[in-house]
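Here you get one chain, nothing else, as structure tokens; it is the form predicted on its own.
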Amino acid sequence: MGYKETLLSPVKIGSHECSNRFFAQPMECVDSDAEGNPTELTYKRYENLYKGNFGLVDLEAITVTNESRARQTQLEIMPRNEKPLAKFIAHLKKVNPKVRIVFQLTHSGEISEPEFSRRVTVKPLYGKGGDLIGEEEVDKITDQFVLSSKIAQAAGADGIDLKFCHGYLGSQILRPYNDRRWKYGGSWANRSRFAFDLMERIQRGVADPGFIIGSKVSLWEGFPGGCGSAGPDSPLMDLTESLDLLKGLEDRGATYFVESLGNVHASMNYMEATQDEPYLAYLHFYFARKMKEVLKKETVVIGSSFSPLRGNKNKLLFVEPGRSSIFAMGARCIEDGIMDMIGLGRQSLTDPLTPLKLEEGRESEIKYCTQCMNCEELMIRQQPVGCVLANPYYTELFRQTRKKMGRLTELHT
């Protein structure tokens, strides 16, 4: 089977069929209005993904609270946002009714930006800090997640993605570093309580077997005591808890998982390989396979870090160009049973029509992400995010931002 046939074949998640194996990763693009609702920029971005015929789209890190958030103009999902979100989804379904969409629900925790919100922590990390939160506040946050799940369903989403990755609140509670003696800390039974109780409460609250629930998970955060570590201060990798998290969520109704690694502050390159390190993608393939090994056959695993592979021009050594592209490598991973779908993040910003162009035999017209990281600089600057090289609007925005703020010398901060 050629890679085109593999990547364009359908796959089922729960009761929903995705038309192909392309997944649009949740990309925080900092372009909501003052109340966290979609703006014209948001509409345009997702319209393009729908026109591009992605099988499944993940609506970016939409926050369940306004109090603690990482981006000043971040999409929000609270009662005031339900009607605008319903209007947004109804519009997208008119653009392409075949595309499925889930909302990635998040709370930023210690990644919240103190300049405009409240940074909180379950145990202060060296160099980060934040207000220490207790059991009652975590219980309240659980209530917010459940309410947001109901809003997502009412707005027309096909499901949700619980964000347990990259150092946001979900992973802060889960990681071994959280060895506080409290309801949500110390033993794995306590640290996993938040995720498992949350999953059960959402299932009861939504009460719709057709509403799919999954999670994007950092199996290994890449720093001592992070998720996937052997202990609270251990630099040694140990996936026992990470894999148990997957199985526990699956037992409670999860039907898909998005593989990921890293932490937005401590180990960014594991999340998204840079231009000179495309081989870090191989780590993601390994971790996706570890997920497949412990999950049921019907549970869908979505792989990450395909953007660095580009077309036939990347910096992978010892691999024939025709076998190293996003498409060739992605199809092989699916055919070898490593994963079921491939996730495109930065590539979805550079060319949101990627799946459509492949389908229509226009592969030569696809624009590829160069990993220049200018999109990430816009995000760090709290500016609307898009591809600076491929989209003139963001090219000019980037130019004006640099002119006003100067050059950002350290990107991964």
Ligand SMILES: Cc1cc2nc3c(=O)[nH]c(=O)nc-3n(C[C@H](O)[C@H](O)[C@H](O)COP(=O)(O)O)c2cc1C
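Throughout, we count residues from 1 along the sequence that is shown. Quantities reported herein were computed from a predicted structural model and do not represent experimental measurements.
Although it is not shown, the form predicted together with the ligand is what the next lines describe.
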Inset, instruction - Have a look at Ile366, Met27, Ala70, Cys387 for me and say which one sits with a heavy atom within 4.5 Å of the ligand in the predicted complex. - result: Met27
Legend entry - One residue of Met271, Met291, Ile213, Ile151 in contact with the ligand, assessed in the predicted complex (non-hydrogen atom, 4.5 angstroms): Met271
Inset, instruction - Please check if Met379 has a heavy atom lying within 4.5 Å of any heavy atom of the ligand in the predicted complex. - result: yes
Inset, instruction - Check whether Gly345 has any heavy atom within 4.5 Å of a heavy atom of the ligand in the predicted complex, and answer yes or no. - result: yes
Inset, instruction - Consider Gly167 of the chain shown here, and say whether it contacts the ligand in the predicted complex, taking contact as heavy atoms within 4.5 Å. - result: no
Inset, instruction - Give a yes or no for Pro308: in the predicted complex, does one of its heavy atoms lie within 4.5 Å of a heavy atom belonging to the ligand? - result: yes
Legend entry - Which of 356-364, 48-56, 33-41, 379-387 lines the interface with the ligand in the predicted complex (heavy atom within 4.5 Å): 379-387
Inset, instruction - Tell me whether Arg21, Val102 and Ile334, taken together, all sit within 4.5 Å of the ligand in the predicted complex, counting heavy atoms only. - result: no
Inset, instruction - Sequence order please: the residues of 61-79 with a heavy atom within 4.5 Å of the ligand in the predicted complex. - result: Ala61
